[in-house]
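Before any questions on how it binds or moves, here is one chain, the form predicted on its own, in structure tokens.
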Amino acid sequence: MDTFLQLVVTGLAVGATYGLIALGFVLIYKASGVLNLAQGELMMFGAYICFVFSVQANIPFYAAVALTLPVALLIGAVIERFFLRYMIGQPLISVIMMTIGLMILMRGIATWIWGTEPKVYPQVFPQESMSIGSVNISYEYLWAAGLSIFFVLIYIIFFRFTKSGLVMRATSDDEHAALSIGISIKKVLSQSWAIAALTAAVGGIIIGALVGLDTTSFPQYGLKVLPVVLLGGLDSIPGAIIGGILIGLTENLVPEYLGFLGGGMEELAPYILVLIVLIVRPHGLFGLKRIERI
């Protein structure tokens, strides 16, 4: 039982971070109908930019994070302006291929600048653990979960109570209606990519603080989040959070209880879970089924 509780706590912490990163997928999909396959590379860039500020420039870590966030916003806005904006009106497959091209380009640039050697931040989270009964819970995972939840709450407040958030929600619900009342779709798309890049950067920094940085394996976390958005629903913000928690729990529990099936089950199990859910609910647990009447 203690092992189970230990794995659940770790799974919840990792899952909360997955949910945060998945918000970037959902945000871009809601705004433009595009599945951004370069989200992992945006995450990697944000994490490495923070590394530049905190380690190479020797700036205190939390000040480095504060400097990283506007840079991440700028990167997202530049990508939308100079790459994705020219794809407006093009076939969906062409836009998706553009995001794949961005993924390869950004991964190459990161490898060229920072190399393939693993890198680490200065110690960010406390290394001690707290005990609840006979269960030891690492403070670093509690901090990771707390920060992820904090940023998720900020996004919820932004989308519900700010003018920009309401405009973005209105545009995602009905683009033609938004155009008819004078909303700039280009501006909304630029904001969506900027916020998605910021979200990816925050998630990348949290994961980098837990496991370190590596241009070879780090971008794979972006693809790890893909089952999260498919499970929760591509257009659902609550689905991204709940999907992240479910995938985090699955990755942590499966090796312990289904490890007899062979190594690598923790990588395979999330996709099996997604396939089962999509058979029953093709739009994910919380995705909306849109019905068009002609």
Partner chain sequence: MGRTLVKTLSISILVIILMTLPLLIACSDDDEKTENAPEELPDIHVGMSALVTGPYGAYAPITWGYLDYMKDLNERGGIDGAQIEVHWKDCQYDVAQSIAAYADYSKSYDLVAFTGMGTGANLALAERCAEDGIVLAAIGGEPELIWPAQEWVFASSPNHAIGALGAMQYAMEQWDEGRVARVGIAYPNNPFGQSIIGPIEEYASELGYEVVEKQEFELTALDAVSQSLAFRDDEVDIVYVQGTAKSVAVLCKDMDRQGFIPKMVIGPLHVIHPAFPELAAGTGEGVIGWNPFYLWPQDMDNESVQYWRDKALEYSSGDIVSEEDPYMSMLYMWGLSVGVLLEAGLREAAAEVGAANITAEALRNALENVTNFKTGNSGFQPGIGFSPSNHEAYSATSLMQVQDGVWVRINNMFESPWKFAE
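Predicted, not measured: the structure shown is a model, and the values here were computed from it. Numbering follows the first chain given and starts at 1.
The form predicted in complex with its partner chain is left out here; the points below concern that form.
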**Message:** Based on heavy atom distances of 4.5 Å or less, which listed stretch (69 to 77, 148 to 156, 191 to 199, 204 to 212) is in contact with its partner chain in the predicted complex?
**Reply:** 204 to 212
**Message:** Using a 4.5 angstroms cut-off on non-hydrogen atoms, would residue 18 count as touching its partner chain in the predicted complex?
**Reply:** yes
**Request:** Although its partner chain is absent from this view, report whether residue 142 comes within 4.5 Å of it in the predicted complex, heavy atoms only.
**Result:** no
**Item:** Touches its partner chain in the predicted complex: residue 54 (any heavy atom, 4.5 Å)
**Value:** no
**Asked** Wondering, does residue 60 line up within 4.5 Å of its partner chain in the predicted complex on heavy atoms?
**Response** no
**Asked** What residues in 106 to 123 sit within 4.5 Å of its partner chain in the predicted complex, counting heavy atoms only?
**Response** 116, 117, 118, 119, 120, 121, 123
